[in-house]
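Shown below, as structure tokens, is a lone chain in the form predicted alone; questions about how it binds or moves come after it.
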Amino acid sequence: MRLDPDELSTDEYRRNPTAVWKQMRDEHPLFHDPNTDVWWLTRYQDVVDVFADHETYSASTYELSTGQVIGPTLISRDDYGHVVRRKIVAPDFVGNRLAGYGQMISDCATDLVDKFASDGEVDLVRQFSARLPVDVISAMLGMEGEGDLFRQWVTDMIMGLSGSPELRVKGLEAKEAFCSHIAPALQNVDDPQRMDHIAKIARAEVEGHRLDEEEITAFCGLLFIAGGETTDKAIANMWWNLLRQPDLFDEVLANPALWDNAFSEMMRHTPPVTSEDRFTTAPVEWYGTEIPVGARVRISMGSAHRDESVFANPDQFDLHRSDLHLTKELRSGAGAEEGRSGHLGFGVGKHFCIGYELARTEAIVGSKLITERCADIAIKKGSDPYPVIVGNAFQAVHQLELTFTPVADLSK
């Protein structure tokens, strides 16, 4: 049965894409959408192979998206310059260096929970998940308490990517304001007393290379746009999955260590980013069809995660999945080990997401704090939240209205 490419733009697909993805995997593992001139690959191993081959499948597609908003960053580079820049900016986001920000992350989450913990209801997206990542990044940059300011600029910059001339003007104005606000922080970066992330990456030198001011500003913008948007959606999607299956939520409440499992399974089942695009640097052949040089290839992680040849009962959200690497991410590859495969939500290989550990930490620390202050948490009666695909890739619950009993009330 031939897949109608118009289905990819319907509201039904955006709300529930799994049937279309299955048809692609089963009948059209390479699918050309003539409406957008995009080539889709949807099977798990095919997606892994494209991620791993950065020489043939270039991430320079980002020059046409985030690059238009914040300028050039390492995510759009495939050369050795990517490696050098990654070594400069990445250390703060993993291991002991990230652990040093633990209290900061906890403080940011606590400030947000304090604002609604006695109310008995909350829109988890508007009042928590959309705010926490931006507040944390602001604090890491040495600009505590300025999350609302950055959030508005980032929103306007992202909206500026649309085809609207008015929104483009507003987006460019936001970019100018953002750069002006960051500029003073680029001064006196060699002061050893400064331990904010801007100063650290400005001082860092790898193989004789240091980031210039344009690169530092662009990377700061990338932190907000990529790190803020995706972590926001990850938190909301994780909570939605648990709350629509109260027995699973009760398991997590009884054993908080299962938050790590819930995060991993969310990244497989309902990832905040469902696909990434690449440009071909040479003609390539898939399933007997040649994709020309310079073509846009869309690798669907969302579909790959529902591949029945890799994951059993893939449509089920399972905290104890035996075929998925739970509680950890695999940068070096996603091949099966002891019958387990990795989720692809943070990518694979050279362009593996720098902020993967920060995102997991924010989601789990923040979620535990909420459950310490709020009991009897449930989705508000009458509301019908559901993840929806926006644009080409983002998938998220855009409103998650919850009711709860303040823990303080239970002690009275």
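Note that residue numbering follows the sequence shown and begins at 1. The structure presented is a predicted model; accordingly, all values stated were derived computationally and were not measured.
A second form of this protein, the form predicted together with a small molecule, is not displayed here; the remarks below concern that form.
The small molecule isn't shown here, but in the model of the complex, which of 304 to 312, 118 to 126, 288 to 296, 217 to 225 has heavy atoms within 4.5 Å of it?
Heavy-atom contact with the partner occurs in 217 to 225.
Does His269 reach the small molecule in the model of the complex, with heavy atoms at most 4.5 Å apart?
His269: no, not in contact with the small molecule in the model of the complex.
Is Gly366 near the small molecule? Define near as a heavy atom within 4.5 Å, in the model of the complex.
So Gly366 does not count as contacting the small molecule.
Considering only heavy atoms, tell me if Pro385 and the small molecule come within 4.5 Å of each other in the model of the complex.
Pro385: no, not in contact with the small molecule in the model of the complex.
I'd like to check something about His54: if you look in the model of the complex, is any of its heavy atoms closer than or equal to 4.5 Å to a heavy atom of the small molecule?
Taking the distances in the model of the complex, the answer for His54 is no, it never comes within 4.5 Å of the small molecule.
Of these, Glu329, Asp260, Glu276, Asp318, which has a heavy atom no more than 4.5 Å from the small molecule in the model of the complex?
Comparing distances to the small molecule in the model of the complex, the residue within 4.5 Å is Glu276.
Only one of Cys374, Leu30, Ile379, Ile354 gets a heavy atom within 4.5 Å of the small molecule in the model of the complex. Which one?
Among Cys374, Leu30, Ile379, Ile354, a heavy atom within 4.5 Å of the small molecule in the model of the complex occurs only for Ile354.
Is the small molecule in the model of the complex close enough to His82, Phe346 and Lys350 that every residue in that trio has a heavy atom within 4.5 angstroms of it?
All three within 4.5 Å in the model of the complex.
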